[in-house]
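Listed next as structure tokens is one chain, alone, in the form predicted alone.
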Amino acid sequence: MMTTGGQPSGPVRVRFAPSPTGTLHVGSARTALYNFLFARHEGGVLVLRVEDTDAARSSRDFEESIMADLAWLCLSWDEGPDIGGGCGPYRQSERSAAGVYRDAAMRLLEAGKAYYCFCPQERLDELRQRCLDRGEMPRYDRACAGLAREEAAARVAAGEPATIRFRIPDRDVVVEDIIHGKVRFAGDVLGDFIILRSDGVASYNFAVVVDDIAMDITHVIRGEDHLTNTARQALLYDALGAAPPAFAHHSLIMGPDGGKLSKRHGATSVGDFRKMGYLAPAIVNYLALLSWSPGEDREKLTLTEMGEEFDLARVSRSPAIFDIQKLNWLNGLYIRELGPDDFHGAIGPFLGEVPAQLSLTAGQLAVAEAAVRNAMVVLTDAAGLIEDFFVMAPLGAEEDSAEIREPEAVAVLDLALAAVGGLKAADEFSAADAETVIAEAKEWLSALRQQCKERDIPPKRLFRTLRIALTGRTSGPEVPYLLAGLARETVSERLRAAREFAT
């Protein structure tokens, strides 16, 4: 029996190794995040390695997209294809071209720990089906394992296609996983697997082991779907004479139905959520909490705070259910914490032509932004909310809005019309003056409230009347923001229209 996965000594070095065959999935982003947090907590190094041996599906565009999403999430790396480092190259295609994997495979071949396999794909497919028909795990039957080395070498020299298979030792493997504890694998079910294909391309299991050894990786943090791969990789570390890293396999992200998170559940990529108006800190915060907890029921943490608190021992192995409502709640918190300038910059790309179509001044837009922020869940909400802020609904469209005809409401409209000259015009203030103008609107409203009090008109009647008069609705933005953002001209016009409607 072989046990692997102890705690390595020396400086911590972890890696995030995406395949550039698509965009960055939120599950992969969480793996990157856990590696980042562990490296920062331990004062270690995070390596970005691009696993692009699948030439038919890999593209540099996807690679750049993944790196852009990681950068947007503020998950920086210390070594990688874009910044270099002492263990390059950091693309597997470049390592393959340099003969790194072939040289390692040849060493195992010469040591008798691997052998050439000449079985055509048709035979392998039939063998796999026979195993499945018997209810067994598919595994190679070692048909080529007994070939004399000289015969195999001669056939390869003659140009016959051949793969190189790793010879599985006759022993069980126990992986000491930081999250799952001891996980045992029977050696006879793993099967002699391919480490180098006939076209010279290394298999996933072989390439990552060769790379992790060369890059001095001390901890491998990845999804639990790689646990079986870890058993094979543990044997390769031993065969190559290297100590294995420590392993930590976190749970996968599941959809609400318990199935692995996929497109049928909606958005799944970081880019999707970015386009939908989610903030990077909210996504990072949410992904961290899917399986990890800092304790004390804390749910909102900065990336720095997470790095200070992160501990693999606190990562749960229970399935992580993706809860969009929880993400929405967190995103709303982060939106409300943005300063005015940051908020303006964040929603700018999502506003489209709304400010121009409504002919808004910079001051009006700033007031509207302040008014709608608390109602926003994602940045894409901004355009609709700001449009609703300025666009009047027909008076009487809502059944409750008919109350504007009641005597107390009419009295409120008369008082407001008499005082409307005290509000600022739209062209009299800039974005920098927005907070002052809102404060002045509150003072104007306070004076109107006092007049209503003297006439025994309750505050609720005052606010509902003004909201209906200014928006045509019984609910919406706070009245002081409406007074400031709509500005004197529009407020006066709508108050007069409401007064006419009431008669």
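Since the model is a prediction, treat every value here as computed from it, not as a measurement. Quick note: we count residues from 1 along the sequence shown, nothing fancier.
Keep in mind that the form predicted in complex with glutamic acid (GLU) is not shown, yet the notes after this line are about it.
S.K.: Any chance A17, E51 and Y204 all have a heavy atom within 4.5 Å of glutamic acid (GLU) in the model of the complex?
M.R.: Every residue of the spot touches glutamic acid (GLU) in the model of the complex.
S.K.: Counting only heavy atoms and a 4.5 Å cutoff, which of 219-227, 338-346, 119-127, 276-284 contacts glutamic acid (GLU) in the model of the complex?
M.R.: Among the listed stretches, the partner-contacting one is 219-227.
S.K.: Does V208 reach glutamic acid (GLU) in the model of the complex, with heavy atoms at most 4.5 Å apart?
M.R.: Yes, V208 sits close enough to glutamic acid (GLU) in the model of the complex that at least one of its heavy atoms falls within 4.5 Å.
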